[in-house]
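Just one chain is shown here, as structure tokens, and it is the form predicted on its own.
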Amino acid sequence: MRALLRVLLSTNAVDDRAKALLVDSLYAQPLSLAIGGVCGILTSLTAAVESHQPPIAWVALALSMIALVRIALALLLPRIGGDARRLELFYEAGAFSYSFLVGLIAALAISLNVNPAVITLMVGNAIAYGVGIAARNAGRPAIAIGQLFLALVPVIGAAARQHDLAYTFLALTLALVLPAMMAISLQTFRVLRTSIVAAETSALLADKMQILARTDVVTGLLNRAGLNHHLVERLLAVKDGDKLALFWLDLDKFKEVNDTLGHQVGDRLLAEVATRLRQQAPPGATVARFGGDEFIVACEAEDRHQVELIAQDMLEAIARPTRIDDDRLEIGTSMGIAILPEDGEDLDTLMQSADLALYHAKVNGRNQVSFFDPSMTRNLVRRKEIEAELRLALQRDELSIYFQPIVDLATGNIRGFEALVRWFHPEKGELRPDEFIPVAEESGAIITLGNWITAQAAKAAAQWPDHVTLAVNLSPLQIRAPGAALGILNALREARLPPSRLELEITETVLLDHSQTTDTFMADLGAAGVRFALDDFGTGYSSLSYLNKYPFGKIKVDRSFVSGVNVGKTSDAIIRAVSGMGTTLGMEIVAEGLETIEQVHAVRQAGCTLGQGYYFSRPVPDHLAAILLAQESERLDAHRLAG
């Protein structure tokens, strides 16, 4: 009884929120209420006509009027709206009065000893209504149980007073129905309440996780992911004729603070800079920590003069001395600025323009502002720097190998990993592969870099299960270098990785010159068991003769056909054609750049057998790749045991 009262009278915050949702369930199916009301009207009027008893006729008339009012309210109130308590009170008034009259007319039929068919009709109607409503209104157990009692208790009382064995058993049976249906109503309510609370908790957790994923833990500003999200929304809101200024800031000589005073002091300095930027930036501006000691501010501006004033205010705010414990710190800032639409009409172009302007601010002496100008030659300067530093990067242990899963689209299991190189520069931060790989190829450093990548990736792959393969991209220069095949085989031998588990990805440009060196390279490695994949298929001078001449076992469809700007019927037809050809030739078809479940379904239906992209996983370090494989193994073991 106490448990029942707790459920019926509970008023905590969670129950209040659940109650507001569950009250809506009372009006969720007006059709069922209307059907019940019509049935009640027809049965009660039938009883009145057949019994010829004035009491039954009056009760039938009252029940019919209440039923009509309830039907009208059920259709109108949800549209009108109102607070949950108001809607509940309206429902309670109609529900309790209707339930009582349903039970009363059945009790009168028994007490007045009318036609047995009428008694059967009205008692059956009362039982069906009471039992049915106990389930329908379980979202509000007080109402459900109240209606149940009002519909059945009069029948139980009338049957118990008849001094007839059949009626006595009817009263006893209905008396047992009451607690049984009460238990069902309460259990249904608990399930509904638990589901609502769980959904609410999940939604709050999801919101919190999203905020955390987009927030920098040191400064409390947006991180890179949050910045991208906000800038995309901001660009969509920019109207024709409006300007959006993007300020890219880099703290000068911040590394010296970390090196001399420690990272804790450095983090506190970053937090102080973030606070000043928030205070100084125009209202509504997007403020983010891009990474390291770099910050980005984006806001609307009327003209270049206003942009200059905003930039100067932010520089002066950051330049003010900062005291952290006993240390007085003064730090300058270099700033690059790009303005939409003059310096770029999309986010990527605008970011590149601001980054280029920032680079010139640093080159020209730091602690200054530089606006983007098309005449800037930052790319040339940066390439020269990369070329000089790349040769030292291996010695400094600045390069790392990351692995991106290649997944079986039919089973979802990991079939292999593609090895990708990452460069974490101690001063510049992470350098993108498309920045240093072209430089490495032009300078010839790609040979040393490629051999190192193969050796390191093979060592990691040797720790994986035997069925998991390793894919490594090869540059044309690597293939043409003297002893290239022997170098790869030596790397496999040292790592103790079977050649059959290595798959070398070669682009079509490698095959254009029809070099004997290329033929020999592929023949030697193919004979040793190494496998080959044709990479970026469809972007170059695709020729079916390549597939016939060289031992390719896999074709990788370029990401532009999967997630590019021109994705459509044509690209889908191309994927289907390549997949059909691959199936005929006994080749695997890999779709690159998969980012959404829709893309996964599309390429799988088009005939691709393998998939790769952010939908499955971003590139991860070797220890996380091992964790992914371990998790998959546990899942498969659990599935086998369950089967």
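Just count from 1 along the sequence shown to find any residue number. Quick caveat, the model's predicted, so the values are computed rather than measured.
A second form of this protein, the form predicted together with a small molecule, is not displayed here; the remarks below concern that form.
Checklist entry - For Gly613, is any heavy atom within 4.5 Å of the small molecule in the predicted bound form, or not? => result It does: once the small molecule is placed as it appears in the predicted bound form, Gly613 has a heavy atom within 4.5 Å of it.
Checklist entry - Quick one: is Arg559 in contact with the small molecule in the predicted bound form, heavy atoms, 4.5 Å cut-off? => result Within the cut-off, so yes.
Next on the checklist: My question is simply whether Glu233 lines the interface with the small molecule in the predicted bound form - judged by any non-hydrogen atom within 4.5 Å.
Outcome noted: Although the small molecule is absent here, Glu233 would stay clear of it in the predicted bound form, with no heavy atoms inside 4.5 Å.
Checklist entry - Does at least one non-hydrogen atom of Ile56 fall within 4.5 angstroms of the small molecule in the predicted bound form? => result No, no contact at 4.5 Å.
Next on the checklist: Can you tell me which of 415-423, 151-159, 518-526, 101-109 lies within 4.5 Å of the small molecule in the predicted bound form, counting heavy atoms only?
Outcome noted: Residues of 415-423 come within 4.5 Å of the partner.
Item to check | in the predicted bound form, the one of Asp536, Asp216, Glu300, Asp343 near the small molecule [non-hydrogen atom within 4.5 angstroms] | outcome: That would be Asp536.
Checklist entry - Which pick from Asp466, Glu427, Asp325, Asp434 sits with a heavy atom within 4.5 Å of the small molecule in the predicted bound form? => result Selected option: Asp434.
Item to check | the small molecule in the predicted bound form reached by all of Gly36, Val69 and Gly146, non-hydrogen atom within 4.5 Å | outcome: The answer is no: none of the three residues contacts the partner (heavy atom, 4.5 Å cut-off).
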